[in-house]
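Coming up is one lone chain in structure tokens, specifically the form predicted alone.
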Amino acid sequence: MKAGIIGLGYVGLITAINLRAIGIDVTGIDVDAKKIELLKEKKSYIYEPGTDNLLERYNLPASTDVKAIADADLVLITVGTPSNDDGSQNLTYFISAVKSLQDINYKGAVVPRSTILPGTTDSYVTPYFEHVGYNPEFLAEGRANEDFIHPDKIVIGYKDEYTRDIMKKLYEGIKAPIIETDIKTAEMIKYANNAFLASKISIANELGNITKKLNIDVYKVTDAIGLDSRIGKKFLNAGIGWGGSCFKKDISALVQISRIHGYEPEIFNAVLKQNDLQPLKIIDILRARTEIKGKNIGLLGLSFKPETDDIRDAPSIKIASALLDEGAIIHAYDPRAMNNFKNYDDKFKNIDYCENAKQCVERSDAVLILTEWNAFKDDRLYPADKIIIEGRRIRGKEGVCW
């Protein structure tokens, strides 16, 4: 079978190259000609472990011309759906992708994979195509290729049997439970998934804030409650909060659509607020230990999680901004994310970006560990007489929630 992918960003590229790896004839489409040129050279423009090897092994045909997928049996739409200023969903790229398929009178199955609110496919895709479905992704940055090949589940939302069958054929090389449902339910499953995970992290962080006041190690608590099969161990790591491209965007959109329908989702409002405040708690601890103005403060880790260069909604952004506002001199090191961080905000250009973790620590009066990169676990990095505060628990020393 032939498949097309419209939108070769993070999700699109990972989806396309892994489908190639399981034997699907895939062609990618993107408006960015630079991406297409890099793919012709078998080079990745994102950092994700294993992607370079996959591109080298499985050539990915790609084009800026949507006509290149006119004969595909199925097209997955994987363009970005960012947030507007009010938290609602911006569908500019999505609508453009749908229109491009209309323009070539595409006859195969049109299946959005972008994260879109329930009812979006029915409003913007179903009226124009005979075969329509929805197929959400559940790819975690840092292990996305593994997640694609060994997923917890595959969700197939469909309007017609042709689309259901072609999607099942698309994934027949992957062993995982398949959830077959209607399109609107499939769209909601994605939001429910992310809302639940973000809420679980925020609960762990709130427990951490309480237990620190009580001089209790939150990790002893969460290790115990994680053994309860109703709770589970994953996503209980307390710290400076969650980041990334999905959680805040998706929960904000869910809040907005809830309000449109006359319901105020108090729990999700609280999750967003809790996570908004959580990163700055590490500065409160630092402030209690030392004067910040004029001090050299080291930041180890800028990406929102290890094994990625992604800084979108990373706690490091709020922390660095607040430190600069208080007059700190910042030294920073991250194995992958320094260039992205430097270009995120003009005021970040004046940060001293170090060559390695050791240099960052040596230049600093106090060090905040913000990302749990393996390179930061070495106790030899940290002199006994230096202030070290962990935002992510990697050494078990003083931290934001312990």
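Quick note: we count residues from 1 along the sequence shown, nothing fancier. Remember, predicted model here, so these are calculated numbers, not experimental data.
Beyond the structure shown, there is the form predicted in complex with a small molecule, which is absent from this document and is the topic of what follows.
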{"query": "One residue of Leu91, Leu324, Leu139, Ile285 in contact with the small molecule, assessed in the model of the complex (non-hydrogen atom, 4.5 angstroms)", "finding": "Leu139"}
{"query": "In the model of the complex, the residue from Gly243, Pro279, Gly298, Gly108 that sits within 4.5 Å of the small molecule by heavy atoms", "finding": "Gly243"}
{"query": "Residues Val125, His131 and Lys169 all lining the small molecule in the model of the complex, heavy atom within 4.5 Å", "finding": "no"}
{"query": "Options 231 to 239, 325 to 333, 254 to 262, 181 to 189; stretch whose heavy atom lies within 4.5 Å of the small molecule in the model of the complex", "finding": "231 to 239"}
{"query": "Interface membership of Asn194, the small molecule in the model of the complex, 4.5 Å heavy atom rule", "finding": "yes"}
{"query": "Close approach of Arg20 to the small molecule in the model of the complex, 4.5 Å, heavy atom", "finding": "no"}
{"query": "The small molecule contact at Tyr158 in the model of the complex, heavy atom, 4.5 Å", "finding": "no"}
{"query": "Contact test in the model of the complex: Val271 vs the small molecule, heavy atoms, 4.5 Å", "finding": "no"}
